[in-house]
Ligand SMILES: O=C(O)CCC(=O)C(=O)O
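Just one chain is shown here, as structure tokens, and it is the form predicted on its own.
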């Protein structure tokens, strides 16, 4: 597969800046799609049911497959178009949305991250087809140009565990469904209003969300380690992951649970949620 840098250009970057999102971006070959979907599903199903809502984040800190996916050259080539040559992996989440009542409320990510500047892009990598029927990401074009007031409305069916929800209602007639084929990726801006509906299909929607941030951006909240995915970090605002995880799946699961427990104790367990 050709790198996205060969078919994405400055017009695409300008479109992203104007609308706050960009898709579809092909990034994975078919064998890669199958591999990463299998690993994401194995990870998700290895978690106890009560863990799945709060423990699906930051798998890249403990599992080789997740680290490799968020540092995939095709993904980073596209991210570089938006952020430039210096790229940190801010956070990740495995999403497996089953048929049923799960949804994501309308929200803007930057409101709970506390970024000094919105130089963060969220990549949603589809590991299965993501469709209107199975509850794909939905976005409001241009909504990244204004920060809005939020409240917290906790609902067991909301995949966003913080419950962060816009105070004002959105005109859903403006929403764009970000439909993707397996192996494709979308980008959305840290300030973009987004959410998702329920999965009304008969199968799971599987995706891997990665947030990439420029090293120059400071983070108001305490933050776990980041991965220097490309370029340099000349600012030193974040602690870097010392080395890529290179352990078995079983040992990775132990490490992941220990890491999630520590994040919870440090009140960092809600960092890095999306759609």
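Residue numbers count along the first chain shown, from 1. Because the structure is a prediction, the values reported are computed rather than measured.
What comes next is about the form predicted in complex with the named molecule, which does not appear here.
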- Indicate whether residue 137 is a 4.5 Å heavy atom neighbour of the named molecule in the model of the complex. yes
- May I ask you to state whether residue 180 is within 4.5 Å of the named molecule in the model of the complex, using heavy atom distances? no
- Task: Using the partner position in the model of the complex, report whether residue 56 sits within 4.5 Å of the named molecule, counting heavy atoms only.
- Result: no
- Item | Heavy atom of residue 124 within 4.5 Å of the named molecule in the model of the complex | yes
- Candidate from 75, 88, 83, 104 lying within 4.5 Å of the named molecule in the model of the complex - any heavy atom: 104
- Message: Please tell me which of 143, 196, 164, 199 lies within 4.5 Å of the named molecule in the model of the complex, judged by heavy atoms.
- Response: 196
- Note on the structure: Per contact check vs the named molecule in the model of the complex (non-hydrogen atom within 4.5 angstroms), the hit among 96 to 104, 144 to 152, 170 to 178, 75 to 83 is 96 to 104
- Query: Is any part of 181 to 210 within 4.5 angstroms of the named molecule in the model of the complex by a non-hydrogen atom, and which residues would that be?
  - Reply: 188, 194, 196, 205, 209
